[in-house]
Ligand SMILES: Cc1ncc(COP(=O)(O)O)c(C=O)c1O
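Okay, here we've got a single chain as structure tokens, the form predicted alone, with questions on binding and movement later.
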């Protein structure tokens, strides 16, 4: 392509991206078109010949925008996913243009350097041990996988077994303790690692989904051999935190590796008003968290944090004769993740921490928690609506039809959710909690404030009243 063609193409992309962001308030908070219609739009025979890049880009935007979920909007509460701050999105656009394969410091010097600095900043923000290593991964799912790979390797090494070299055939059996209400991605990571999603010892949880310390002590007492304990900072429905200060010392006395799934809840430590929720979590051995939640980076951003850098590198390092050696003081990104070829995730992380700063991140976390409490209080004041959790963070779960004579709470809740999504003023999704259908409200968008929360709550009440009838 000529310089003029490149300038026109990139300008077209930037124009469509900025136009989408600037007109967000005018868009409904549900996709204008579902999957079947989108598939029909995109479907076509395999192209036989090259096409005009600018025309293709325009066609792509026209087709894609009709089926976009408005997770970037200020009234999106469907899942715990951030809204991709413009600063991070812009940095990510440049990252794509730079095309850096961030496997090592020779292939991508500036990308490796940005990760090194951003990793140090992350540890400071989350108040985690400064010697910890950080792997920049796709999200908390892979972060859990990486941390648990390090855990698997280390607990077996202590038992005299090299799992990286010998595999699991004939290895000492590892016992995994996990809470009853752990997130599904942790079970996926256990499955990937050959530890099994059903071989775990599940520890009973309290009414909010946090592990009961007494039940944990009882289960742990009967365990022998290599042990991995998985705890949680921020239960996906309730926002609850496991009692780290009481559990982690018990686990360490047993020689266990303690991993914490803190996809969004770990960010409570970045805000003085909420950091007490995670007291004692710094004593764990590894932590998984997301960048595309409270840090508001674009997607493909998560962090695998491991206190023992040697155990981390032992589990992840990829070596080959054609790869450069790392000198003292140099950090190769591929030593901490399961990929050799990947995008330069550190640029957007560096940009977002610079854009928000320590105080901006703290303010956002505190604001979202305040909005969540307001929304919960307003909804709970309406006859027939029950808030099913203690709102300790940014999560609210709601059930409709509570105490209404003859009401089918499951059916009514599903109908209200469908009506909210159909109206498009805001977006909320559903889940099962303790066997009952609930609506989940996750306050996580960088622009969501008290005004947007009030507007959304009013839309939820209108939907409920319309479905409930007189």
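All values derive from a computational prediction rather than experimental measurement. Positions refer to the first chain, counted from 1.
What follows is about the form predicted together with this ligand, which we do not show.
- The partner is absent here; in the model of the complex, the one residue of 247, 281, 398, 80 having a heavy atom within 4.5 Å of this ligand is 80.
- Checked against this ligand in the model of the complex, the residues 185, 175, 112, 72 give one hit for a heavy atom within 4.5 Å, which is 185.
- At a distance threshold of 4.5 angstroms between non-hydrogen atoms, residue 102 is out of contact with this ligand in the model of the complex.
- In the model of the complex, this ligand stays beyond 4.5 Å of every heavy atom belonging to residue 297.
- Although the partner is absent here, residue 338 is not a contact residue: none of its heavy atoms lies within 4.5 angstroms of this ligand in the model of the complex.
- When contacts are judged by a 4.5 Å heavy atom cut-off, residue 286 does not count as touching this ligand in the model of the complex.
- Heavy atoms within 4.5 Å of this ligand in the model of the complex are found in one stretch of 104-112, 192-200, 230-238, 209-217, which is 230-238.
- Within 4.5 angstroms of this ligand in the model of the complex, the stretch 134-165 places a non-hydrogen atom from each of 139, 140, 141, 144, taken in sequence order.
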